[in-house]
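Single chain ahead, written as structure tokens, the form predicted alone.
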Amino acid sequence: MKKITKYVIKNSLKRIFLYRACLVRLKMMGVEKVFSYTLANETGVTSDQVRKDFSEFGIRGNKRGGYEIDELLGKMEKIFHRNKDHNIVLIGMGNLGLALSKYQRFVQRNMNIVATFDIDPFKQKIRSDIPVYSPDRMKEIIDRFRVRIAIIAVPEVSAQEVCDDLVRLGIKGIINFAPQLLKAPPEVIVNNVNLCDELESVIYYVHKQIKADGQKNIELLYRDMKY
């Protein structure tokens, strides 16, 4: 049975991303060992939270001796299965799809977009490093490269139909950039990414902070006037 899906990345996994970025930066600075309180200070959490997150993902360390950065990064590589390549297909070669297809950090992290698909015959004729195929060749390409993950970057009106086709062809994970919540079977992971929602959330917090700062300034002015 299909249902509307919104895969929410666990907060602990989000923090692992932050810890990894911090570790990479420290390693580039020549640091070889790190303590939980260092990671806590760098990422805005507590030392206990760092250790709890590490424990959840099976990462162990020495409380007194700290963590070897290379060892920590190696364990995080295993969490994200960086020891093998992940073949991905991208559906929709509009402006967003084109930008995603050219994003170099995918390759750096062993995420290979092996093919893209678009209904526009003109786009199918354009020469590029990643070929653009007609959607009727999706089964052939997905089977050939044993693809299990797809990116949807098509207009809203086409997104659910594309999702249904991908699920039918064996795709198990979908990143959806179309502004629509997709319906999929429970065993299929769908992460709906709405860029406007993300931007509006930032706008909300910016204005909330401006309002709080304004109120604080009024209170300070009132206090100064009293004295």
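Please read all numbers here as calculations on a predicted model, not as lab measurements. Sequential numbering from 1, following the sequence displayed.
One more form of this protein exists, namely the form predicted together with another copy of the chain; it is left out here, but the text below deals with it.
Exactly one of the stretches 29-37, 65-73, 161-169, 43-51 approaches another copy of the chain in the model of the complex with heavy atoms within 4.5 Å, and it is 43-51. The closest non-hydrogen atom of residue 96 lies within 4.5 Å of another copy of the chain in the model of the complex. Mapping the unseen interface onto this chain, residue 58 falls outside it, with no heavy atom inside 4.5 Å of another copy of the chain in the model of the complex. In the model of the complex, residue 206 approaches another copy of the chain with a heavy atom inside 4.5 Å.
With a 4.5 Å cutoff on heavy atoms, residue 184 does not count as touching another copy of the chain in the model of the complex; it lies far away. Just one of 119, 126, 130, 79 comes within 4.5 Å of another copy of the chain in the model of the complex, counting any heavy atom, and that one is 79. Contacts with another copy of the chain in the model of the complex, taken as any heavy atom within 4.5 Å, map within 169-208 to 172, 173, 174, 175, 177, 179, 180, 181, 183, 186, 187, 189, 191, 193, 194, 195, 196, 197, 198, 199, 200, 201, 202, 203, 204, 205, 206, 207.
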